[in-house]
Ligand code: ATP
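Encoded as structure tokens, the following chain is the form predicted on its own, with no partner shown.
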Amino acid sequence: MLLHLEAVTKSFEGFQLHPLTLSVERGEFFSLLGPSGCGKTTVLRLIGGFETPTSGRVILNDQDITRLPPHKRNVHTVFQRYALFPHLTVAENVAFPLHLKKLPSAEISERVKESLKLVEIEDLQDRRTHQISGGQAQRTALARALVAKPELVLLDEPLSALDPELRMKMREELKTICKKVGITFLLVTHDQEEALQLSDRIAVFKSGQCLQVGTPKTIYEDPSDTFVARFIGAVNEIPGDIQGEASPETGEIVLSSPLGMFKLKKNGHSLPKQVSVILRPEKMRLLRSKSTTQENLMEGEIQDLIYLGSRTEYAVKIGPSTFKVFEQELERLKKRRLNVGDRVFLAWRGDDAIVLPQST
């Protein structure tokens, strides 16, 4: 274990970070995910030394760093706006933390060269920051973070200012660099896709509280509550009451809802009578005609559709609810084309449903 937060709290006027105990492994890419104002940046600042906890301890590599100032922690922060010095060249910006440590000039030169090469901007070393693009500035800030060989790199939404295509490219490079150099990365983001793509593990926050920690697969497929389920990706939700077992042999239970009666698979959790059934759009099948073999069938009408190249997203109106369904393009091309107003059927398997207590 590299980083451990032990019952850390922080109180501001109008905000309270609830006691947080969290561990990050060495070499891990760990993300703090949540909406604006949930406390994730506060946690980052507590780790970086820019804030002091109201209570609790911050431990890095078995050393209590709770009261240490930022420059005495072996931690480097890449800020959202990069915080580069405009009067210095790219190479001079990268070298800055090494000059503070008063390392020999030859060692500084060699380490700067290695760091610039790692992020593929060695040909920009003599340019000033106003002469480089946003993506190049992001690479410069990352090179400056890596050159000092910290134990932990903190990333404060570093990709949010980039255009979509460059953001996707930098995500791939960040993950590659993390594995190549073996340094632990801790990312703050509100972008669910970014967290899923980059992270070994994710901590989801809401209103100053950590709701769940797990791998991207666990967070997406087995969320702890309806907020996590909704925040980590698109969902369809059916509220209802559990009526009992449909078949003890198969482990199926029956759900009664305003949209009909459905069969679900037990998930091993103890559930109250009132539950919410969460269905991911890609787990639902869009049928052009009624099927007698499909389980959990619902009839509705195409309300809207959006073509996105690799897939088409449909909005299907069923009673008072609107369901989102994704159909991959290769699958869609084999079937009858659909238009707004067409009657269709949605089907889903009971073991694809996420069953959670209804949120209050």
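Note that residue numbering follows the sequence shown and begins at 1. All of these numbers come straight from a predicted model, not from anything done at the bench.
Omitted from view is the form predicted together with the named molecule, to which the following refers.
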**Q.** Touches the named molecule in the model of the complex: Gly37 (any heavy atom, 4.5 Å)
**A.** yes
**Q.** Distance check, Asp304 to the named molecule in the model of the complex, heavy atom within 4.5 Å
**A.** no
Q: May I ask you to state whether Glu157 is within 4.5 Å of the named molecule in the model of the complex, using heavy atom distances?
A: yes
Q: Decide whether Thr41 counts as a contact residue for the named molecule in the model of the complex under a heavy atom distance cut-off of 4.5 Å.
A: yes
(Q) Given the stretches 320-328, 52-60, 288-296, 28-36, which is the single one in contact with the named molecule in the model of the complex, using a heavy atom cutoff of 4.5 Å? (A) 28-36
Q. Going by the named molecule in the model of the complex, which residues of 7-35 come within 4.5 Å of it through any heavy atom?
A. Phe12, Phe15, Pro35
